[in-house]
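In the block that follows, a single chain appears as structure tokens, in the form predicted alone.
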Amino acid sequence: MRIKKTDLLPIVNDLKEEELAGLIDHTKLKPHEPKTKMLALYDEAVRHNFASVCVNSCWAKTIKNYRKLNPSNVKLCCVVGFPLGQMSTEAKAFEASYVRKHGADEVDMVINIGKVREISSFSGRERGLARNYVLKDVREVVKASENAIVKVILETGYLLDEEIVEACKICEEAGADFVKTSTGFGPMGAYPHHLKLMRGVVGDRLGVKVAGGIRNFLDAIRSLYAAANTKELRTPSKFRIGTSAGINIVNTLGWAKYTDVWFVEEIPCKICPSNYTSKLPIKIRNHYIKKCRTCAEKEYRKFRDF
């Protein structure tokens, strides 16, 4: 997928800082972060008018109590079944219920990635059983979340395109509000190709959240181009950016309106998932290698072997 400067400039020129800030889920999910960092995360989100803070479930009560002392419109988002998605459905539902009880406005759950892959691997009854498992897994978390916004993390780096499509359909059927690319702990982060694919499936009925490797302004604007390229989609109910680099991203916007030196013309491979296959399961890896060898832009690949 090639993205040119002329594709991105209309978005940059149209965006306002407060609009961009309102799309950001300010995130800290690493296991080594102490309480002081969590409280600072909330303070930063309030100061910059971000959509939410996104934290692990153990911090739900802490943020809830701190928010009582420092009221704001910043939402509390907690991850569930994070980062592997391999917990039982009952465990995920319990965690969702727990964070909801302790103040979470939004729940980002990890889908059962292995079960999603089984859907495309099996046929007949076995395929139906795998699909029903995933459907129930998401639906039970939605139910336990008690009207909180539910975003389902697909971990797109582990999935074929057709598996991403099926996962998006299941999430919509199960009553989720968003589909989300990645945990940031998987084999690859978020790529425009996957975002465009997800938006194509859910249309404007669900939101799309990009997360995993969104480290700078250019990453964010490319993501907006891929999944929120109309003003109607650039709202917190239809698009989010999960990142720990939100402050830098928002601060860069004002500068970017006066110069386009922020845009780095990159070869298509740099934003293609086929370029990052070393940690993938062999089936997924071979899929991307095959796509790469038949790609119209394959001459750019000469700089690196598989």
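One rule holds for the numbers: they count along the sequence shown, beginning at 1. No experiment lies behind these values; they were computed from the predicted model shown.
Here the subject shifts to the form predicted in complex with another copy of the chain, a form of this protein not shown in this document.
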- prompt: Is there a heavy atom of residue 177 lying 4.5 Å or less from a heavy atom of another copy of the chain in the model of the complex?
  reply: no
field: Proximity of residue 35 to another copy of the chain in the model of the complex, heavy atoms at 4.5 Å
entry: yes
- prompt: Taking heavy atoms only, is residue 197 within 4.5 angstroms of another copy of the chain in the model of the complex?
  reply: no
message: Please tell me whether any heavy atom belonging to residue 281 falls inside 4.5 Å of a heavy atom of another copy of the chain, as the geometry stands in the model of the complex.
response: yes
- prompt: Looking at another copy of the chain in the model of the complex, do all three of 191, 258 and 274 come within 4.5 Å of it through at least one heavy atom?
  reply: no
- prompt: Just one of 103, 114, 213, 236 has a heavy atom within 4.5 angstroms of another copy of the chain in the model of the complex, so which one?
  reply: 114
field: Heavy atom within 4.5 Å of another copy of the chain in the model of the complex - residue from 140, 172, 166, 118
entry: 118
- line: Within 4.5 Å of another copy of the chain in the model of the complex by heavy atoms, the stretch out of 248-256, 66-74, 49-57, 261-269 is 49-57
query: Who in 75-107 is close to another copy of the chain in the model of the complex, meaning a heavy atom within 4.5 Å?
result: 82, 83, 84, 86, 87, 88, 90, 91, 94, 95, 98
